[in-house]
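What follows is a single chain, given as structure tokens, in the form predicted alone.
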């Protein structure tokens, strides 16, 4: 069957594919621990759900402006103003059906055939495919492992060409959990500014920060004079356990925002209206929001500490990135390869079949020697999973 070049090479999301397989095996009666999904295990906070229910009862179920209901855009702009310490205007906000649509809007609007977009690697699996959908070319840029794979201007210098038009970064990072400092972000921002390169910063995990001093730094932490053209991508999905509500947003220059809105008006029209009403509560009821963020953040940090401790106890010597944010552990399984298993994809497949633990192989993120584990689950399940992984490693070495 002949398909358009737009989708000819497109593959399903690797993370969703693994999660789907794990759920299928569980439905067949297998004892499966699924640590592949990238979503919080908490319920959406009640004050958010209640707002949506009340909105439905009040008849807030009709179309909204493509860029979102005005009061939600204003609430988001106000939160961004608090984040940056400078006035951020609501006309810079476009509310989207999740961060994926926010990224799609930006990439499809800003780039096209012949353009190269650098992607900080390891990367979230969707970035390269969205770039290709825009008919541009993704260029992987790996930072040094000793720096938690975070990229530097020197790394960018090795990959920049006359066709370079953009750079995507993700902080805190999926899959590594690495967090860029303000100084590191400023260096990257100035590199992009000086070359007229668009900086796209995906900060969807910003509020899941394990340093204990509030949210992670982002590009709005960078001095305004250091910023060139940029797009901020964020949303409610991870911070407020709202993955299924599908609410993301972009913040950019108003002229660019109008283009995003025009594109979105031809694709989805607007994010689901009840979801926008729910997000309005998340972004406007700051006391309730702060309490929810603190409660979930404390649990994620406790789990981060647990998984790092268990790695040292059960898998000593296995390299891993200690996550500063998000809820993933990225660790290297190259030392476990043998004649029957030569990459992380095969290793994960064996682990799922023999031990019933679902992880995401690093091929999804640009390096098939590593795997990603989500620790957005209970302490008990984390302990069970790492015990099974340790048993699998021991059994393979004996065999």
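Nothing here was measured: the structure is a model prediction, and the numbers come from that model. Positions refer to the first chain, counted from 1.
What comes next is about the form predicted together with a small molecule, which is not displayed.
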item: Triple contact flag 73, 271 and 275 to the small molecule in the predicted bound form, non-hydrogen atom at 4.5 angstroms; value: no
item: Interface residue in the predicted bound form among 329, 219, 167, 204, criterion: non-hydrogen atom within 4.5 angstroms of the small molecule; value: 204
item: Sole residue of 240, 180, 124, 251 within 4.5 Å of the small molecule in the predicted bound form, by heavy atom; value: 124
item: Heavy atom of residue 38 within 4.5 Å of the small molecule in the predicted bound form; value: yes
item: Exercise: residue 246 in contact with the small molecule in the predicted bound form, heavy atom 4.5 Å; value: yes
item: Residue 143 within 4.5 Å of the small molecule in the predicted bound form, heavy atoms; value: no
item: The small molecule contact at residue 105 in the predicted bound form, heavy atom, 4.5 Å; value: no
item: Contact segment among 93-101, 313-321, 283-291, 110-118, judged by heavy atoms lying within 4.5 Å of the small molecule in the predicted bound form; value: 93-101
